[in-house]
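Heads up, the chain below is alone and in the form predicted on its own; it's given as structure tokens.
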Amino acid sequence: MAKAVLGDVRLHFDELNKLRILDPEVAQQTIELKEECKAFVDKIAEFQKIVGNLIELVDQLAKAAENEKMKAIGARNLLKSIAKQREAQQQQLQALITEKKMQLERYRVEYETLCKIEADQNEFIDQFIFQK
């Protein structure tokens, strides 16, 4: 009967016969809820840690990919500049070949002229010797 009177005023005895304001069943549910909340918070913290590690890993991979991209762009630009240098060098060599061909033609004409002059002089010398 005393428990019923105390129950009406919302006072309860626990298993150790201590006077409590909360119903022991509600107190037990509260403790269970508290433990479940702690477990949930721990799982959320672990999830946040995993996500943080994942984000860090993705950032590292992004940086590595960006570095490789820059290396590839640099290599492509280097290839383009080498190709342009080779083209310029080829044009210079073509110009030099053309210049040397022209010089060879001048030397050939000069040689033919000198051969003709030599032949004329030899003929003149031969005529001069035969006239004496």
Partner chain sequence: MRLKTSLLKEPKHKELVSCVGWTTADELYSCSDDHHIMKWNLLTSETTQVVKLPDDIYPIDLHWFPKTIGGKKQSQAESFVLTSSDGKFHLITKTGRVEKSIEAHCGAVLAGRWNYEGTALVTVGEDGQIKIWSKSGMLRSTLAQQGTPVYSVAWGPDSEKVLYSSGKQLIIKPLQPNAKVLQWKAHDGVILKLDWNSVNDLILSAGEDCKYKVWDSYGRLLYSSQPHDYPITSVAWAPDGELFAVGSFHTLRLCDKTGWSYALEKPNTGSIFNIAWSIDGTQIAGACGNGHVIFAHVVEQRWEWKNFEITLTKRRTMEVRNVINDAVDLLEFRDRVIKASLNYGHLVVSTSLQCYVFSTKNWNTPLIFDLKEGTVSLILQAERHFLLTDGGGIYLYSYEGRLISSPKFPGMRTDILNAQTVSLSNDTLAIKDKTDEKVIYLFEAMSGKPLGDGKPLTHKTEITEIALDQKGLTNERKIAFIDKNRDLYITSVKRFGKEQKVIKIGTMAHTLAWNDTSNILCGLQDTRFSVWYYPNTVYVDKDLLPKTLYEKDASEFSKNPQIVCFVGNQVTIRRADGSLILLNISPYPAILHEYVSSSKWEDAVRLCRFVKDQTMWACLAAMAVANKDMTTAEIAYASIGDIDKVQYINSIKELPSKESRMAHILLFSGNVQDAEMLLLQAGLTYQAIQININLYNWDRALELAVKHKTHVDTVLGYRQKFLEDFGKKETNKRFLQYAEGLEVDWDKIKAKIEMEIAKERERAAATPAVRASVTVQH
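Positions refer to the first chain, counted from 1. Rigid core here is just the name for the largest C-alpha set that superposes within 1.5 Å across the two forms. Keep in mind it's a predicted model, so treat the numbers as computed, not measured.
The following text describes the form predicted together with the partner chain, which does not appear among the structures shown.
Original post:
Looking at the partner chain in the predicted complex, do all three of C37, F40 and N67 come within 4.5 Å of it through at least one heavy atom?
Top reply: No, because C37, F40 and N67 lack any heavy atom that approaches the partner chain to within 4.5 Å in the predicted complex.
Original post:
Out of I82, L61, L96, I50, which one falls within 4.5 Å of the partner chain in the predicted complex, going by heavy atoms?
Top reply: That would be L96.
Original post:
Does any heavy atom of E110 come within 4.5 Å of a heavy atom of the partner chain in the predicted complex?
Top reply: Yes.
Subject >> Non-hydrogen atom contact K101 with the partner chain in the predicted complex at 4.5 angstroms >> reply: Answer no; every heavy atom of K101 is more than 4.5 Å from the partner chain in the predicted complex.
Subject >> Proximity of Q91 to the partner chain in the predicted complex, heavy atoms at 4.5 Å >> reply: Judged by the heavy-atom cut-off of 4.5 Å, Q91 is in contact with the partner chain in the predicted complex.
**OP:** Please run the contact check for R76 against the partner chain in the predicted complex: heavy atoms, 4.5 angstroms, yes or no?
**Re:** Looking in the predicted complex, residue contacts with the partner chain do not include R76, since no heavy atom lies within 4.5 Å.
Subject >> Heavy atom contact within 4.5 Å of the partner chain in the predicted complex, the stretch among 68-76, 25-33, 40-48, 101-109 >> reply: Among the candidates, contact is made by 101-109.
Original post:
Is it true that Q48 shifts between the shown form and the other one by 2 Å or more at the Cα, once the core is aligned?
Top reply: No, shifts by less than 2 Å.
Original post:
By the 2 angstroms cut-off, has the C-alpha of M102 moved between the shown form and the other one once the rigid core is superposed?
Top reply: The answer is yes; the displacement is at least 2 Å.
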